[in-house]
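First comes one chain, alone, set out as structure tokens in the form predicted on its own.
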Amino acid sequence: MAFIDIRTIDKFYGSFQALSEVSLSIPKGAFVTLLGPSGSGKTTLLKILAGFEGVSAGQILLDGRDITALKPEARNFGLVFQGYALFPHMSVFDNIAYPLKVRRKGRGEIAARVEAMLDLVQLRPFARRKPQELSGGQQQRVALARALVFQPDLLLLDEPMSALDKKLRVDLQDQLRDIHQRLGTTFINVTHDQEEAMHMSDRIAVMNLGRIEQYDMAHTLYRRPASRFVADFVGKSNIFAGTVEGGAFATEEFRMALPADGARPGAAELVIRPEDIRLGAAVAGDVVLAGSVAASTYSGDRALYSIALPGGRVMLTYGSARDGALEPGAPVQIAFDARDGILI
């Protein structure tokens, strides 16, 4: 049995349907991310899990117990907000201690638990400081410690790293993943950042227009997307529209043979990831296309190129940046094995 079982949740705001038949099964101790663009329904689902919003239809079970109508304070869930929501007049120690004081825990237990949390988030030297004396990353770790100190059944994270710069986000992702592994608490994270989701999560639920497009491990989402939306949203991709007929997939640019148990005849799309495309070098059986550099993005170890083809299509591919990136307008040849593609 799943630890968190979300069953066919619908949510309406008047005539607008924010969630449609959303179902998820989350095992105990998992780190699950709700990933999607703005308006996809991920934050609405988080609010429903927290008890801040009711459902229009469906159920939420916690370890087999129906909690759909349970009030937020009765759910024993921790919540880390996007804006930290720390008490500015309280010290770091007192911010973390607050949930325990509300639960009327003894002074000795409070001190022991808070000190354990300070060690976990590496903030013991800052225990007597006020939130405004801390960096953004430190404030976020205080918020995390406060949400974990009372040993919640579930920790909900509402885009907790969106206000941090890139390096701090990466550092906090590593720390959060480490804390999750050490505590074994079930985490549900909300983000629109694909890299963050893939870096931290055991499983990812990709949401779009109030529905779950795919719920799987990061590698499966990336290499075997179930829909065009997932292929386009999770990572970078080149998508060819074509048709399946006569045991082959054909586009205006090329034709490739399919396995004997290939797709059914009709319209289909082929996804080629940029790392599966090579600049220049080709081997027998490759699809080879000529074009020119339209743009490039240099990132130190490599460059991401946009290659303009004669018919107007733009292809994304990576190339070595050891000697710098190619100039715009430079003629190039790209090659790929169409069998590396993903047919959807």
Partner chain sequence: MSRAIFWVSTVLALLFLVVPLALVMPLAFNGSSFLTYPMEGFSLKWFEEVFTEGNWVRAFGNSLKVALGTTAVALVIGGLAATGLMLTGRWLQIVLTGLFVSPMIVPSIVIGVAFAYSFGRMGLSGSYAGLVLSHSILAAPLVFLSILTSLRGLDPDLDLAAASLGASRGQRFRHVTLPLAAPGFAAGALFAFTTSFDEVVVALFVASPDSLTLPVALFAGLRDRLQPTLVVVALLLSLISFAFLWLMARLQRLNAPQKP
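Residue numbers count along the first chain shown, from 1. Only a predicted model underlies this, so the values are computations on that prediction, with no experimental measurement involved. Take the two forms, find the largest set of C-alpha atoms that superpose within 1.5 Å, and that set is the rigid core.
A second form of this protein, the form predicted in complex with its partner chain, is not displayed here; the remarks below concern that form.
Trainee: Arg146 near its partner chain in the predicted bound form, any heavy atom under 4.5 Å?
Mentor: Yes - in the predicted bound form, heavy atoms of Arg146 and its partner chain come within 4.5 Å of each other.
Trainee: I'd like to know whether Arg124 contacts its partner chain in the predicted bound form, with contact meaning heavy atoms within 4.5 angstroms.
Mentor: Although its partner chain is absent here, Arg124 would stay clear of it in the predicted bound form, with no heavy atoms inside 4.5 Å.
Trainee: Examine Pro99 and determine whether its closest non-hydrogen atom to its partner chain in the predicted bound form is within 4.5 angstroms.
Mentor: So Pro99 counts as contacting its partner chain.
Trainee: Would you please decide whether Phe77 lies within 4.5 angstroms of its partner chain in the predicted bound form, comparing each non-hydrogen atom pair?
Mentor: Answer yes; at least one heavy atom of Phe77 falls within 4.5 Å of its partner chain in the predicted bound form.
Trainee: 78-86, 198-206, 176-184, 263-271: which one contacts its partner chain in the predicted bound form at 4.5 Å, heavy atom to heavy atom?
Mentor: It is the stretch 78-86.
Trainee: Can you confirm whether Lys236, Leu309 and Tyr318, the three residues that make up this candidate site, all sit within 4.5 Å of its partner chain in the predicted bound form, judged by heavy atoms?
Mentor: No, none of the three is in contact.
Trainee: Just one of Glu73, Glu109, Asp119, Glu252 has a heavy atom within 4.5 Å of its partner chain in the predicted bound form. Which one?
Mentor: Here the answer is residue option Glu73.
Trainee: Though its partner chain is not shown, can you say which of His219, Arg128, Lys166, Arg104 has a heavy atom within 4.5 Å of it in the predicted bound form?
Mentor: Answer to the contact question: Arg104.
Trainee: Does the C-alpha of Pro88 move 2 Å or more between the shown form and the other one once the rigid core is lined up?
Mentor: Indeed, Pro88 is displaced by 2 Å or more.
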